[in-house]
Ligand SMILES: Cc1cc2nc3c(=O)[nH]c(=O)nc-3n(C[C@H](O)[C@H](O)[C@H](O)COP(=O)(O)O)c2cc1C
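Just one chain is shown here, as structure tokens, and it is the form predicted on its own.
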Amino acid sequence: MTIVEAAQGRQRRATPPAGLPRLLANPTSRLDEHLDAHGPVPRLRPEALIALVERAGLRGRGGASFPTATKLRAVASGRRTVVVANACEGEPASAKDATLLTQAPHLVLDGLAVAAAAVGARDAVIATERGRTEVLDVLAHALQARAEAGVDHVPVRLVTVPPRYLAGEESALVHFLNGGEAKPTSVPPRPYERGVHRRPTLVQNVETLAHLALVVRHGDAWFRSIGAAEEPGSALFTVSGAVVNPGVYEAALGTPIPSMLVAAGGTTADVSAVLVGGYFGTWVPASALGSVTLDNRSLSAVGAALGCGVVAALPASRCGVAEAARVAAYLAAETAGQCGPCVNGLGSVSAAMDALARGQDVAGATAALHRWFGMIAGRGACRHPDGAIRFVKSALHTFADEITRHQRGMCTATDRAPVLPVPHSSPGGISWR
């Protein structure tokens, strides 16, 4: 008896999770244990499958929150389609995708198979960064087990990309898979129109694919049984900073930010602000936390968005201006080098943030930042400069009082150790050591 036949015999025992977690309810990298817990993937006609996803209201979990059914339908209308699982987690403050891939790789690969069936693809790719040894080992073994068991009808190719912040951007990933550099390209055409090998291509974040694998098994009503009305379901969040147990947590969309911090064991100190959405995200001041929930509708009221699911609590003992300056330097160093607003603009923004953090010509640096904001916004070859500007703007607003103190030669920071991770390969920026 094969693994698949055994799973089919046990399928009735594969009941949907009643609450949370969903994605990480049965962590295992073994195919037999995965199928024992979840059962085989039901086969639906492409039209019925896409309609199911549409009723579920599943949106992308990679940052843009785009309706998954809309992307599926757009690619399905093409010929000789390709699907790409995007596991390029270039965001330094996020660990959700890596956690999902090591704890539930087959759920992701199930979702990739479902997406391939929905769009009629004959080629599938899963791409992740070079150097992620654990993730690559787990994926290689998972793909081998699935090939030996014959569970997938479309062969899956594992590809590694350079470990750069922009490598996981949709057009950059497609450009790399086509033999170019992992840099964003101008759009249109978009990948769903002309992507890998100039064919219609679906690029989907791995968390989205894992949700897709559960939706096709348990249905739209089950998926919508938790979460916000307009944004149903759950999501993975990387919680860090001033919390007892930093890590990856699954929560229903619409969860209050304070509840997310409690889920991570509670705070270890007074919190001055929380960074939501990662390094293209927004600082939410502590005074606003009680009224904000983790869904885009609520977050938009404070100029924020879910992004990649980062929730980083900044302790009041750390300097928010210095933290923002370090990240600004990192983002400037991660430019694709393809346009002036990014190369020159972000470099100048980083220099001005550095001056603010050091308390050097604060008034001049602030004026320079606002001047650069107007020159950069919406003018980049990709969204990188816009994301960086969003982050810096929110820092100026949230830490305005701290900037005033710096102008007077003072700083509230009593602990100068960095909170937000910045890769060592990134030059420049504030260093307190």
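Don't overthink the numbering: it's just position in the shown sequence, from 1. Here the structure is a predicted model, which means the values were calculated and not measured.
From this point on, the text means the form predicted together with this ligand, which you will not see here.
- For a residue to qualify, one of its non-hydrogen atoms must sit within 4.5 Å of this ligand in the predicted bound form; all three of Gly63, Leu166 and Asn205 qualify.
- With this ligand omitted here, the record of contacts in the predicted bound form names 54-62 of 404-412, 54-62, 365-373, 41-49, defined by a heavy atom within 4.5 Å.
- The shortest heavy atom separation between Glu89 and this ligand in the predicted bound form is within 4.5 Å.
- With a 4.5 Å cutoff on heavy atoms, Asp110 does not count as touching this ligand in the predicted bound form; it lies far away.
- Taking non-hydrogen atoms only, Glu323 never approaches this ligand to within 4.5 angstroms in the predicted bound form.
- Though the partner is left out of this view, Phe280 does reach within 4.5 Å of this ligand in the predicted bound form, counting heavy atoms only.
- The contact residue chosen from His106, Lys71, His211, Arg318 relative to this ligand in the predicted bound form is Lys71, the criterion being a non-hydrogen atom within 4.5 angstroms.
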